[in-house]
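What follows is a single chain, given as structure tokens, in the form predicted on its own.
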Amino acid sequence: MIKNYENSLREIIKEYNIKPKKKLGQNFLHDKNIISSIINNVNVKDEDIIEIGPGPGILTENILKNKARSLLVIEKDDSFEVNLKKIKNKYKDNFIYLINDVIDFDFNKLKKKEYKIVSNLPYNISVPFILKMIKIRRVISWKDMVLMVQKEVAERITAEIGTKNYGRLSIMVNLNNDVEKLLNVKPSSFIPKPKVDSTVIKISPKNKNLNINEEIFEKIVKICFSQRRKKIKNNLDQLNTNTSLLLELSNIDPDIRAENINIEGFLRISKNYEKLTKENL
């Protein structure tokens, strides 16, 4: 086992002349306690794993050493390919790497359909990545995701109704998932040190059929939070429908703001909007 992850990471950075790219949000994790906690929470043994943004591969090698059945890594930065090839030479049978932007990656290409997902996500892709994976779960039936994200993003995802952080991200992630904060991570756990704290979160699907039009639901939520200080009726007036009737059918007070409506309320608005739209065709 690697005894000093920070020294090992510095050796890899020096050997391959790796220069962390600020524009890609690259901060490399070296803290062995955090790495161990991530591995334990993923429970990688005999599982098929996808790691996003492996970078120098410290977490990658630990996933493999803990006997993952298979590991697929997706890395945008081709400067890491030399080191990924080195890992491939050690773990020929159960390691695959792809040089690709995960935001554009077509998960339909994957033969296996059930994975656990782990990542020290670059800050600049954390929200679009999470929203993408939630949206495509019917394509790739992931079991759960253990992700390192900016602390502020974790707070938005786990925000309670009525708080300033409660919004579109909170609703879309929690619609059909359970979210758990696992631990907070200080900047000193990374090379280079980021300017903000991070949080490891676990997102687990609820595996229930909500029987909703997801596009309409997302549209409703987006409109309702488009001007969050406005009353809900004023935001919904952007829709081509009878707003007063829509809110009456949905049992929603027209004078409240979106931040005071729970997920069930948005579900009612979404379903009634779809019903009214069909009736007016």
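Not measured: the values here are computed from a predicted model. The first residue of the sequence shown is number 1, and the count goes up from there.
There is also a form predicted in complex with S-adenosylmethionine; it is not shown, and the following applies to it.
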For S-adenosylmethionine in the predicted complex, the stretch among 171-179, 86-94, 198-206, 121-129 with residues bearing a heavy atom within 4.5 Å is 121-129
Hey, in the predicted complex, does residue 80 get a heavy atom within 4.5 angstroms of S-adenosylmethionine? yes
Taking heavy atoms only, is residue 74 within 4.5 angstroms of S-adenosylmethionine in the predicted complex? yes
So, residue 102 and S-adenosylmethionine: in the predicted complex, are they within 4.5 Å at any heavy atom pair? yes
Exercise: residue 250 in contact with S-adenosylmethionine in the predicted complex, heavy atom 4.5 Å: no
28, 51 and 56 - do all three of these have some heavy atom no more than 4.5 Å from S-adenosylmethionine in the predicted complex? yes
